[in-house]
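Next up is one chain by itself, shown in structure tokens, the form predicted alone.
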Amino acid sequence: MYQDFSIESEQLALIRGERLLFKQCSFSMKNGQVLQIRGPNGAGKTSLLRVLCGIMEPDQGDVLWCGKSLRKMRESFGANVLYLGHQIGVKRNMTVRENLLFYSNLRQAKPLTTIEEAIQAVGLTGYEDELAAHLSQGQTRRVSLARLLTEPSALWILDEPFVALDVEGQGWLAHLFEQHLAKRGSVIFTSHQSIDLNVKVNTLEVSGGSHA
């Protein structure tokens, strides 16, 4: 079971050039909750996730982790949050096993499962020593998602995690969400599609596209 935590956004706004991606973006969530960020392409969903992770600075507003500004809580935030971006982050010159070992060692925390078990869980048995450069898009996505099993984190922040997964893979990931929530973990994710989860999914609409 994960310890108590909370993440909040307070009136976030982000401008790129003369384009206002989003404004007055506020939400609050804690253990055991799911937030789906929705909106058309170019609406600013990925940018919002990057703001929530502290990778980008908002033009207005703030992100709070456990009631304090993320700027002051980066160590605690980094130890409890796993962000998987839209670009996947799999290193093409490493094998499947080497990728998972690399990221697991960076986190320096006891994994939820072994790397071999994680590879099996995502359906990549037999590809352990295959270079990521030789994998299909769907297989590469599965390598990225295997990190959810090898890097224990209370909050998952995931950009389009269901993209490039077949029906079986989508079902597996939805079930993994439910297992994570049962341990008092939480999930923030973007997706263009409706996801069938046996839990309540809160939604946040991002429209974007207006002039600043």
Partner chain sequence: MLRVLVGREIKLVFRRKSEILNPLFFFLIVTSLFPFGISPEPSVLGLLAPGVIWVCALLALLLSVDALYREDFDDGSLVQMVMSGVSPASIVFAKAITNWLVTGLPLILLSPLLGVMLNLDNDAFGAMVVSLLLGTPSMCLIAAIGMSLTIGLRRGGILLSLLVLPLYIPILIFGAMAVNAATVGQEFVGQLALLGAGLAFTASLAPWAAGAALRVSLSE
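Numbering follows the first chain given and starts at 1. Note that the structure is predicted; figures quoted are calculated from it, not measured.
Below, we turn to the form predicted together with the partner chain, even though it does not appear here.
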{"query": "Any non-hydrogen atom of R74 within 4.5 angstroms of the partner chain in the predicted bound form", "finding": "yes"}
{"query": "Any non-hydrogen atom of A133 within 4.5 angstroms of the partner chain in the predicted bound form", "finding": "no"}
{"query": "Proximity of G89 to the partner chain in the predicted bound form, heavy atoms at 4.5 Å", "finding": "yes"}
{"query": "The partner chain contact in the predicted bound form: C53, any heavy atom under 4.5 Å", "finding": "yes"}
{"query": "Stretch from 30-38, 54-62, 165-173, 179-187 whose residues place a heavy atom within 4.5 Å of the partner chain in the predicted bound form", "finding": "54-62"}
{"query": "Contacting member of G123, P111, G78, G138, with respect to the partner chain in the predicted bound form [4.5 Å, heavy atom]", "finding": "G78"}
{"query": "Heavy atom within 4.5 Å of the partner chain in the predicted bound form - qualifying residues of 93-123", "finding": "N93, M94, T95, E98, F102, Y103, N105, L106, R107, Q108"}
